[in-house]
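Have a look below at one chain only, the form predicted alone, in structure tokens format.
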Amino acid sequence: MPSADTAGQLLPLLVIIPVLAAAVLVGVGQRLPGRLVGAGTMMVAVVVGGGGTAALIITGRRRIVSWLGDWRPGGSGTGVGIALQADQLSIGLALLAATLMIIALGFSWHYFRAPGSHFHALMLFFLAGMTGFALAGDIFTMFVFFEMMGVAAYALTGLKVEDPSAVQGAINFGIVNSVAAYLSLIGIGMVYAHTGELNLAELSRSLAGDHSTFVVIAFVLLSTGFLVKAAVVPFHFWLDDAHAVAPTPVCVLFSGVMVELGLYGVLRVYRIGFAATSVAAGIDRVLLVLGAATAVLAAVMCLLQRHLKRLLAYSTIAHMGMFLVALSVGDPESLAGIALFVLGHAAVKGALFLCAGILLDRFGSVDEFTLWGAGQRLRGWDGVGVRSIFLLAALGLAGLPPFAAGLGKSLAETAMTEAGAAWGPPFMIIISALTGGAVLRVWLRVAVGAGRKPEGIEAEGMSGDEELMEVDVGEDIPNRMIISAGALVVIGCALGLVPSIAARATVAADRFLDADGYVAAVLHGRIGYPPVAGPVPSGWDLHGVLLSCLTVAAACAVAALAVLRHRLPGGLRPPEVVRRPVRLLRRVHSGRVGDYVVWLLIGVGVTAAILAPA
């Protein structure tokens, strides 16, 4: 195990190694054999994952702090040094990014017909950006890695330049996120002008007791970029366009970890830098209001989709809403539940995206209507594998025990109930049932050919027939594709069975929320953790299992109702009063970037109004 000094040097290496490797690929990658480029990229991701694993083991006992160049704050307590900090949650997110990157690269081995190494270079820049963002200890460094992550993501979204929709999706993604980034940079400038500090630990000290409106405005602007990346309503419009056109392996990273990093950024900045300011009086309301709006709107939009990748994208947005609602409770138990929920969601959602990619490459479409009954045309063990993985991932997404997503949801529901939010579990069950039901509906139609081939009003939905195939797999699906998707399902299930994982997550969450411990470690080198007080959850209990089973049963009912609704009496079909708001929702999601920017500005205003001191 690395010594204390070695551990401190490990953090910058987790960023520097992929950046240097990406630079090499940009410079000479075109002259290297494709197999060497792929193997080298995979090796770098494995090295980053190995380093992240070592750091995660160390952070089980203490924090890891690294001041780049050893430029620490001087005697006055101020300085311009760049600090990286790792606790269990931050390095856990970095490790999640590396793990998903390894699986995405495995799935996309020899994926693109066009020669070149730009895909691999962009993936490594993307990995470096996500890792650096999770470990950054000051708001400007967070912004730098936020931009690195964003630029790589825009380019990966528009990778299929021969497809106009891919270019449009990338442009929408880039413009909306860039506008948000400008606002974040203005917020960073306001904070620096007000305090002369950028480091989060120093801001914790400088802003303590500051209840001015100026600080609230600075926090809202600073957080805007992170809220856009987290796809929180009404900052979310870019996400489904990007997911629809991005290569499937990239979607795994988008939904599995990139949007979650946006939420992590808001929590990290608030909990360390702004927890003792006037922001604290309204942050729970912001999380609750935005979270509830995000979950409800996205769940409805998820049900309305026939484009499989868009459907999964809206499912991700709905889950972000549930995360926000649970986090509005503000205690370690709810954060622990969401941490496990994020891990489980990343695994099963990644598997579902990979199944969508397999269907696209096999049948040339991700349209639920076009693919009706297509799963039965998958031959032999390939068909059994894809159908089984899709079904298990869909059930895991709905919360089926013992999947980690279900365990995290159960812990979050318990935390909300104990905090007096008795409405929390029913809300989580309804949203999970709607999103899980939408995915199960696709499985019933595509894998089983249940019901009759859809037609009529649902044709208003955006079709998935126009997506370009990423690689022609012919009749036989490559084993690497099925193995990658299956591995994610196994990981999602195994995480829910790890002994004492709930207790470990609760301890990690308690340490993440310990602002005093963070400041002592970064500024004074006291990297040890204080003892955790109070009981910690043990994991699955009968109450949690029953609620999870209820959620899955409700999701199955939603799916069956959707597939068999043509058999319903006319009086039970959606009345006009329901269809009108549905049509309005479709028009709001217009695909015009100007509309999206207007909604972003409205979101900034709403957030500021909720946070404004009374």
Partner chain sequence: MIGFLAYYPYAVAGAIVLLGLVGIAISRDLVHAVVCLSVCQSGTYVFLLAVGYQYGGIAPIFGSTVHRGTPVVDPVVQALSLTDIVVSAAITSMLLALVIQIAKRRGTVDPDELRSLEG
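On a predicted model such as this, the values are computed, not experimentally measured, just so you know. Residue numbers count along the first chain shown, from 1.
In what follows, reference is made to the form predicted in complex with its partner chain, a form of this protein that is not presented.
- The candidate stretches are 492-500, 430-438, 171-179, 331-339, and the one lying within 4.5 Å of its partner chain in the predicted bound form by heavy atoms is 171-179.
- Note on the partner interface in the predicted bound form: the residue among 485, 272, 522, 301 having a heavy atom within 4.5 angstroms of its partner chain is 301.
- Taking a 4.5 Å heavy atom cutoff to its partner chain in the predicted bound form, the contact residue among 349, 268, 362, 310 is 310.
- Mapping the unseen interface onto this chain, residue 390 falls outside it, with no heavy atom inside 4.5 Å of its partner chain in the predicted bound form.
- Taking the partner from the other structure, its partner chain in the predicted bound form has a heavy atom within 4.5 Å of a heavy atom of residue 586.
- Interface residue remark: residue 165 is counted as part of the site for its partner chain in the predicted bound form, having a heavy atom within 4.5 Å.
- Taking non-hydrogen atoms only, residue 590 approaches its partner chain to within 4.5 angstroms in the predicted bound form.
- Contacts of stretch 142-156 with its partner chain in the predicted bound form, defined by any heavy atom lying within 4.5 Å, are made by 143, 144, 147, 151, 154, 155, listed in sequence order.
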